[in-house]
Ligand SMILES: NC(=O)c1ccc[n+]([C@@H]2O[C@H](COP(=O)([O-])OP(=O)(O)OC[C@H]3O[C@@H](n4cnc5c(N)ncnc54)[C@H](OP(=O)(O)O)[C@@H]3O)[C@@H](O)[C@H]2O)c1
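Take a look at this one chain, the form predicted on its own, written out in structure tokens.
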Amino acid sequence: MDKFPYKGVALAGIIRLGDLPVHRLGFGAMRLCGDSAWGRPRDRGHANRVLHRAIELGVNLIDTADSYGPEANESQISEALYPYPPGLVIATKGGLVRPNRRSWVEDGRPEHLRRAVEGSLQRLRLERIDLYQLHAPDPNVPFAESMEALADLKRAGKIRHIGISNVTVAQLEAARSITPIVSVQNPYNLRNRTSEDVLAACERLGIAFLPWYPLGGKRGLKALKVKQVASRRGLTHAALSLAWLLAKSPVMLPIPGTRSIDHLEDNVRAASLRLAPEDIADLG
């Protein structure tokens, strides 16, 4: 019997990615790669156990990308979880390439995106990707050309729903003029709220907002306000930060990642937390 004292991520509620209902707390798989999201993890068995534990706790959205590894993260997910449990949504991304460990380079050319989707389908062992996200606009390629390529792939049955990442409000509107958009993935956390206008647009449009880097790293977790409220509530900084995100907006869909089962379970505790008005006021 599972001794975890909570009912898992189901307590965070449900949000829809198009016609796909998912719990409002997902799992970002990037950290299951090697350091700097490069290569495979040192202990592949442990990484597989983290994925299985996420599923046990009710996670039914896993976020990955072909650039994580590169290509290793998608293969790892399929090796660990295929055949996939009913209702699991795997979201992946394309449009960034990795010439080396330290580099992330945009490539939004239609021909690259077509190859990227085919590669993701093969590594994930899927006939159709439930949510495919443009990882970042390419400054050297007209944004409309990248989006039209994804729209063509959706019409061809390779993609079920399209999302975008690292975009402005204007780019969100431009994308929506070409094809339906069900999600936006931008950086957002207690310390970094530069995408506030994009979040507001997602609320207005009923589009899921996936905040990447949701904990803000060690610096964000050690922020004075976080430490004070966490101490008062008897919470870890991570659980508090995720609970704040969930309370911030009904379209918020955090996807925290970790290599640790203990940290995974602590993150999931955020789904059961309800912050008091004074907590939210103190966090700003």
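Note that this is a predicted model, so its numbers are computed, not measured. One-based numbering along the sequence shown.
This protein has a second form, the form predicted in complex with the ligand, left out of what is shown; the following refers to that one.
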4.5 Å heavy atom contact, Phe143 to the ligand in the model of the complex: no
Contact of Arg24 with the ligand in the model of the complex (heavy atom, 4.5 Å): no
4.5 angstroms heavy atom contact with the ligand in the model of the complex for Trp212: yes
Proximity of Thr92 to the ligand in the model of the complex, heavy atoms at 4.5 Å: no
Answer option from Asn166, Asn192, Ser75, Thr179, heavy atom within 4.5 Å of the ligand in the model of the complex: Asn166
Answer option from Gly216, Pro41, Pro70, Gly58, heavy atom within 4.5 Å of the ligand in the model of the complex: Gly216
Neighbours of the ligand in the model of the complex among 171-208 [non-hydrogen atom within 4.5 angstroms]: Gln185
